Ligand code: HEM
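The form predicted alone is given below as one chain in structure tokens.
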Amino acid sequence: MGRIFFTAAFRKPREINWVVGVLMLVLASVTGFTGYSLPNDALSGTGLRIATSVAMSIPFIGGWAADFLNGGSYPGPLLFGRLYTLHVYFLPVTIGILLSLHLGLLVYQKHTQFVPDATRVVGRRFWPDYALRTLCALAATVAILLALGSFIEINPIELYGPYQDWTVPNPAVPDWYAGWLEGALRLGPAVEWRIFGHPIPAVFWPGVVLPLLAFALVITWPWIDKRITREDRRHDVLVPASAAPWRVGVGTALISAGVVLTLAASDDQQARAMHVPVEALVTLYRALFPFGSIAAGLIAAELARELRSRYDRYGTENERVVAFVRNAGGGFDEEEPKSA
């Protein structure tokens, strides 16, 4: 997704494929969480209890949604049956449908490419290039999973024991896909507001509002980018990342924010290892989350701007690569490049 973002491969006519890719990332994370929660040991049960608390924080409908998932108060009699059904059926089937749509659009629209062919959009050939690459990736993934399943115990339930409300194992940190959410919960301010007399718990803002805003920004980015650049024509040629320093800055700031939140998810373990107060790390990460991310974005944008100016200074075809348009015959016509 980072490569697609920085090279602007999400532009027209590939906006829908970008949205499908983001949805697959979300569903893959939810699938990981449901599978992680099924053992119901002390570690996964703690994570599930946190997720239930976040769901209950949603104004007006949170309590109903949590009771519906649990079949009563947590942990309800229907909770693990519904998690299992989601994990082994609904989520994999939905991902399979989205993956088929994703690949179908890819075959129909063809791959984007840096250097335009004089006659048609070529990209890389399906056979043997992409087919062999995909088979190699599949074989490597299966080999890694077999090695992990054979030699590494991921969740030693015999050590953790079954979930009990009063037991939380240490160290207790979430998996990678939920790390940034856990970090947001740890950094969120302990402030409870009331709207029309209805209490809004403190976990609602970092646990619900922040991820919704983040994914809304990522999903709608193709249209935001189109509005900023004021370009609505078809794009089949990729751009170097340095061609749009502002895009590099935005992407770097988002990635930096995610890294900071992920690090914050293990602040207690860091405090123990470095012999510093955990409160000091919380204060540090609270400052790094907004200001550090913005600073990283500004630095990255400035570096991209300098790189682009060097390309232009030495006559590199940087801007000319951007200035190709698709013609009616399926080839490319060179267009007068616009000033950056």
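We number the residues from 1 along the sequence you see. In this text, all values refer to a predicted model and were calculated from it rather than measured experimentally.
What comes next is about the form predicted in complex with ligand HEM, which is not displayed.
In the predicted bound form, every residue of the candidate spot (4, 25 and 102) has a heavy atom lying within 4.5 Å of ligand HEM. Think of it this way: in the predicted bound form, ligand HEM has a heavy atom of just one of 176, 84, 90, 130 within 4.5 Å, and the residue is 130. Among the residues 256, 112, 242, 262, the one placing a heavy atom within 4.5 Å of ligand HEM in the predicted bound form is 112.
Heavy atoms within 4.5 Å of ligand HEM in the predicted bound form are found in one stretch of 157 to 165, 190 to 198, 102 to 110, 205 to 213, which is 102 to 110.
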